[in-house]
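Heads up, the chain below is alone and in the form predicted alone; it's given as structure tokens.
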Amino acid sequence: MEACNTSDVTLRAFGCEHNLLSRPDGSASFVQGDTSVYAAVYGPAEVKVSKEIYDRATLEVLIQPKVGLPSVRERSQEQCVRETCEASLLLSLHPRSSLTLVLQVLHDDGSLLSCFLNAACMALMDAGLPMSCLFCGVTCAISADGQIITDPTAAQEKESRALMTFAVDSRERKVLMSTTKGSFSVHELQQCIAVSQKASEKMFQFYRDSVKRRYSKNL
């Protein structure tokens, strides 16, 4: 676990564990505060003819809620995660094949979509899939008095007037995907993007430290 603080950005304690599951080709767990997610990657594998794409791999993302069946909310989150993964994975290296990413919610205490993104990136790395860049997710909430809160809890999300989640790439800190909810100004949106890019620096450093610790033990 690691707590992250910068002059403008505060994130909850976060941690991860690689290669938890034996059956998937890559797996990881990611924890942000009390929000916890498992991720598992299967493939490249044979794809159904109906889903086959001749020049690249087909990526399918499945999100399983803690209880019950997936709803419209999970379908929307699946699309956000899939678009982010497709922007970073080199799918053209595996034409006519299938990749499946399964995300299981263990506990949701806010910033769930960003936790999905971080767990997905860790699992893709664990599977050894070729990627043009890494990515991470950062959620920002804007409170009623205009304060920007990074990595908000469920209670903070409920009280906020706007909620935004950004996927940021590791090379140029560009925004790969964004999703917003609520009312906000253009200036507030730009501020949230800048804060998310700042927060991503700590997240990518955590990625590096985590992988370094894992492979130094193996060696």
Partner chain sequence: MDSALRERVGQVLLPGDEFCCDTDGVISLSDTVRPEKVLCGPGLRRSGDRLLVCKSGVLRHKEPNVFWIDSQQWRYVPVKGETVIGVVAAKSGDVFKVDFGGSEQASLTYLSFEGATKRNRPNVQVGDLVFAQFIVANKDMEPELTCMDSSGRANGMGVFGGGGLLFRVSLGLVRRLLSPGSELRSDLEKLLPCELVVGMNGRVWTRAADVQKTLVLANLLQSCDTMSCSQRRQLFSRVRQGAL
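Positions refer to the first chain, counted from 1. If you're wondering where the values come from, they're calculated on a predicted model, not measured in any experiment.
The protein also exists as the form predicted together with its partner chain; that form is not presented, and the subsequent description refers to it.
Just one of 148, 131, 105, 80 comes within 4.5 Å of its partner chain in the model of the complex, counting any heavy atom, and that one is 131. At least one heavy atom of residue 96 is located within 4.5 Å of its partner chain in the model of the complex. Residue contact with its partner chain in the model of the complex: residue 87 places no heavy atom within 4.5 Å of it. Within this chain, residue 71 is remote from the site of its partner chain in the model of the complex, having no heavy atom within 4.5 Å.
Interface residue remark: residue 211 is counted as part of the site for its partner chain in the model of the complex, having a heavy atom within 4.5 Å.
Of the stretches 88-96, 108-116, 138-146, 72-80, only 88-96 has residues with a heavy atom within 4.5 Å of its partner chain in the model of the complex. Looking at 110-128, the residues that come within 4.5 Å of its partner chain in the model of the complex, counting any heavy atom, are 125, 126, 127, 128.
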